[in-house]
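Below you'll find only one chain, the form predicted alone, shown as structure tokens.
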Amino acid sequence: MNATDCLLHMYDEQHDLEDYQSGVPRWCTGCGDSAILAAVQRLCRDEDLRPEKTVFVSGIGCSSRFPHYMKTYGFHGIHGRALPVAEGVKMARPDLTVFVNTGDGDCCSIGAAHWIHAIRYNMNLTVFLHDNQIYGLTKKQASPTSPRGTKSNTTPRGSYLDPINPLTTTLGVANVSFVAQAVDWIPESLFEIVKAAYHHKGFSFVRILQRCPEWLPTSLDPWMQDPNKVQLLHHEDGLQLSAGLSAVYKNQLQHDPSDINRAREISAHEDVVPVGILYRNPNVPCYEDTRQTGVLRTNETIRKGFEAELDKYAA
């Protein structure tokens, strides 16, 4: 244990919710990002994550303003590049808790190649895909997850292509280890899924369907207004449903999250929205462990590395 960790362990420190709150969110009123922020801040408080040992990484988009509202370390990167930045942080500092917040355009379009390979690498990252099915920050362009027929600035006659399904796509990649889906309007299950993703060691991928009140204000109404269109997944190795949640959402399915084939079938359903843990395999090795990066680099090692690179350009 290094000197910094020794000092941190010399006393017990309890953090309040306010210790993770930074600034006033600039999202539109009713934006689902606010519900996700509340769930994640609650997780940090309940798990007593040290702000100085926690990092939030994002790309570009409405969802990617997330690091600005967390009183932790953060990296607001460029479009589609949140995952490689987060992987670099985790490789260099495996002792840090690293979260990634990305949008449907940020992850599934310009960042699609990084997304696929991040699943393969299975590094210990917790990834939240904020999916509002539209480019919101740049004022309503069709995204890879926009339903066919979506009228936008880039598809004024309606989009022609069927959308990407982030769940089935992720479940089809080698080394996948954790896939779940949540919706922003059910805060209880949202928090439980966020919590389960955090506790999984590996690449935890959580797709969160979230409302965009500005550009697609009614797109998720069919699922919000009819509880039978939401299917809650439960299992002794997955989510446990409370009595209150069960009373409202009666469409339930007992699903073993170790069954990847069944997870793919459930994810492909279009008539209902499955909410819960679709797949979990704790036995998939993490890339950073395979590369044996568990030993932290000393300041002297880092200094020598910088000097070696600079010496390449010396006269």
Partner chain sequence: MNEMTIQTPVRKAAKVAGSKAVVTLKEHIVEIISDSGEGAQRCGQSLGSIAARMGNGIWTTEIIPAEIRPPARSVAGASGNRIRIGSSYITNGGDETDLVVAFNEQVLLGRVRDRELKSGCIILLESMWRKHQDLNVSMSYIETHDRLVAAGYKVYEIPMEQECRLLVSDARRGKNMFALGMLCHIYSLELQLARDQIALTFGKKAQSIIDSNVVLLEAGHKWAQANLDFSYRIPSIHSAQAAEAQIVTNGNIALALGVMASGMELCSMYPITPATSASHYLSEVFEKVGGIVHQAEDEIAACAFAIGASYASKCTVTITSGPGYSLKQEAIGLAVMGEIPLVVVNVMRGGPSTGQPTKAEQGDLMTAIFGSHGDAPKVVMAPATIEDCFYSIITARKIAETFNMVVVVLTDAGLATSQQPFARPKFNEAWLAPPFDQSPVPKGAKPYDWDPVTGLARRFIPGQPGGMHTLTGLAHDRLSHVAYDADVNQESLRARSLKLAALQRTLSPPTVFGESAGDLLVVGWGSTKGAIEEAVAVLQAEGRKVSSMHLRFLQPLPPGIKEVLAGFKKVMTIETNWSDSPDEEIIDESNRRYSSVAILLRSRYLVDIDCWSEVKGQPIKPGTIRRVLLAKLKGVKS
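Just so we're on the same page, rigid core means the largest C-alpha set that superposes within 1.5 Å between forms. Every value quoted in this text rests on a predicted model; they were computed, and no experiment measured them. Positions refer to the first chain, counted from 1.
Keep in mind the form predicted in complex with the partner chain is missing from the figure; the text below concerns it.
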Query raised in the report: From the list G77, G238, G202, G136, which entry has a heavy atom within 4.5 Å of the partner chain in the predicted bound form?
Result: G77
Requested in this report: Taking 4.5 Å between heavy atoms as the contact cutoff, choose which of K140, R81, H234, K195 touches the partner chain in the predicted bound form.
Outcome: R81
**Report entry** Contact flag, H269 vs the partner chain in the predicted bound form, heavy atom cut 4.5 Å
**Finding:** no
Query raised in the report: Would L161 sit within 4.5 Å of the partner chain in the predicted bound form, counting heavy atoms only?
Result: no
Query - the partner chain contact at E87 in the predicted bound form, heavy atom, 4.5 Å - result: yes
**Report entry** Interface membership of H117, the partner chain in the predicted bound form, 4.5 Å heavy atom rule
**Finding:** yes
**Report entry** All of W215, P227 and P274 with a heavy atom within 4.5 Å of the partner chain in the predicted bound form
**Finding:** no
Query raised in the report: Among 244 to 252, 277 to 285, 28 to 36, 50 to 58, which stretch has residues with heavy atoms no more than 4.5 Å from the partner chain in the predicted bound form?
Result: 50 to 58
Query - Interface residues of 211 to 246 toward the partner chain, as seen in the predicted bound form [heavy atoms, 4.5 Å] - result: none
Query - G23 C-alpha shift between the shown form and the other one of 2 Å or more, rigid core reference - result: no
